[in-house]
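Here's a solo chain for you in structure tokens, the form predicted on its own.
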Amino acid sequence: MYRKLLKRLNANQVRQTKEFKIERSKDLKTMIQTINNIVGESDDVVQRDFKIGRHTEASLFFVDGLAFDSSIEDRIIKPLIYFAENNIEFTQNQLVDYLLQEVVTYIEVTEKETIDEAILSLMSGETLLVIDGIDKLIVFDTRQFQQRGIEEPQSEVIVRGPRDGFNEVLHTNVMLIRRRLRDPNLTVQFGQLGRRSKADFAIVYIKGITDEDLVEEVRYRLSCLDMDIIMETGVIEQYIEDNVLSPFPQVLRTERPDKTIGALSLGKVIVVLDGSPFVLMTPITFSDLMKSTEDNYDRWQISSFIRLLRYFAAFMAVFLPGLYIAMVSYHQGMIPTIFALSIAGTREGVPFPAFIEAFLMELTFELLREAGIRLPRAVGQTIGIVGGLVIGDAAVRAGIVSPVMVIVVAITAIASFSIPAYNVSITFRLLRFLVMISAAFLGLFGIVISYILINIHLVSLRSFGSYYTSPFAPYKVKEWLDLMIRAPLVLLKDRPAEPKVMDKKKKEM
């Protein structure tokens, strides 16, 4: 019986909440009822009733934990309670203006047109004030969140350069950008994403450098996102990229403010999302994935050598196991005799063909790498190293794999760690397995075919309309000064051809 009564009572409550009208009203009780109907079941929404100047009733709403409590009390409630009119007669609009200009000491105060807007601000951490006899919705920006400090980015460690990185608060991240770039043309446009999460985001670009059509395209793709909740920029990245079937990233993410400034100066658009330390940079080219901000901080000879090493490492990360399989299985004649005899000696007793041997070792190493990431940081690295050594040694002693195979897998893993962009290094890991399968069936011909297909795909790829393989294709000879090598900075006067920019000159010399 009690269950039936409770069910009926809940049904009546639900019915009541569906029937209320969301309209502004001059009557304070009606306004309070409307607001409570929307957010009244949330225990963390605080309602504070008081009287302005001890005679005009008013109510204040804020979310506990999101708003700065002591500031609300000292700078809003107390001044309003102790406000004295001094025999001055106000109209309703004059009273509100006088209170906001002369009594309350908050800087960021806005008036919302609709209750929906006011409730959204309330849920974002702002404070809502409603006054009896006045149908205005006054909102104070009292947001104050607990946030992580500005720390060195864990995913982009460098030897030389600034140590600060983005955190999860949008305004802190925008501050880190603006602190380094004091150009008045730096434009920051805020918006909200997600039907329910209403997550704040910002589009950042430099007016006069970034192409307006590119900014409009980014804004359009973001406005097309129709989701309940957006938690991370990785979700945005997957929705706004040009080709969702491609394994290659078409939007670059970073935690480094200095890298973001560099992208802005080249005419790219930055997307910053509240709640994520990763900002998105678009459009990008394949060469952007192989560059590090550190390249500009060292002498050009050192930077050029390291860049060449990265391209070599990328090739090794994708093709080395496949080359080993092809050579051992189909093209033994291409291996020098002494080396071939050595490999044959180490493979004696191994029960698997080279492809199975390589596949098992690569898969085991990927498992170890994934386990090392998921484990606590204090033990993850140790488990990875110890696990790799123990399993590799045990596999060789048991005759499951040859020592040469262990060396090949180790070199491949080291090479994949040399890529600055983590998301493209994962892509190389995936492509490695496809190349291994091709080599197992067709030998070197399979590897060549894989290489050609990968290049065809890269040439056809676009990132917000920009050629992904520029300046390799289309060929831009001048831009090779900052491609696989990095020429002296005094020679780098122009911005790249991709993306299109409004100001081509980077500096006048």
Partner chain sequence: MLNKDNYQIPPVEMAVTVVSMLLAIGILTLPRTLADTLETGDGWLSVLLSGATVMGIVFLIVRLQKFFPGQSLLQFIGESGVGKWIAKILALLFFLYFIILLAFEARVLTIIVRMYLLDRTPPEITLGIILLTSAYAVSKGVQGIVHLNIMFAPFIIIVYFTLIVFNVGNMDVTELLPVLPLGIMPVLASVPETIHSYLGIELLFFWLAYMKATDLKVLPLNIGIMFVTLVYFLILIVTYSVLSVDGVKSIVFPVVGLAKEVEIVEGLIERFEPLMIVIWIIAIFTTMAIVHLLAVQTIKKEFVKKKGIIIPATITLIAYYIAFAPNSIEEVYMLGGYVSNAGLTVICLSLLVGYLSVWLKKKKQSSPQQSKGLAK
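These numbers come from a predicted model, not from an experiment. Residue numbers count along the first chain shown, from 1.
We do not show the form predicted together with the partner chain, though everything after this point is about it.
Exercise. Would Thr469 show up as a contact with the partner chain in the predicted complex if we use heavy atoms at 4.5 Å?
Worked result: Looking in the predicted complex, residue contacts with the partner chain include Thr469, since a heavy atom lies within 4.5 Å.
Exercise. According to a 4.5 angstroms non-hydrogen atom cut-off, is Lys26 in contact with the partner chain in the predicted complex?
Worked result: Answer no; every heavy atom of Lys26 is more than 4.5 Å from the partner chain in the predicted complex.
Problem set entry | Contact label in the predicted complex: Tyr330 to the partner chain, heavy atom within 4.5 Å | Contact check for Tyr330: yes, within 4.5 Å of the partner chain in the predicted complex.
For this session: Look up in the predicted complex whether Ser42 has a non-hydrogen atom within 4.5 angstroms of the partner chain, and give yes or no.
Result: Contact with the partner chain, no.
Exercise. So, Ile81, Asp200 and Leu222: all three within 4.5 Å of the partner chain in the predicted complex by heavy atoms, or not?
Worked result: Not a single residue of the candidate spot has a heavy atom within 4.5 Å of the partner chain in the predicted complex.
Problem set entry | Contact residue in the predicted complex, from Glu362, Glu237, Asp274, Asp211 (heavy atom within 4.5 Å of the partner chain) | Selected option: Asp211.
Exercise. Considering Gln101, Asn93, Gln154, Thr337, which brings a non-hydrogen atom within 4.5 Å of the partner chain in the predicted complex?
Worked result: None of the other options qualify; the answer is Thr337.
Problem set entry | Heavy atom contact within 4.5 Å of the partner chain in the predicted complex, the stretch among 43-51, 61-69, 28-36, 457-465 | Of the options given, it is 457-465.
Problem set entry | Within 411-445, the residues that have a heavy atom no more than 4.5 Å from the partner chain in the predicted complex | Going through 411-445 in order - heavy atoms within 4.5 Å of the partner chain in the predicted complex - the hits are Leu442, Gly443, Leu444, Phe445.
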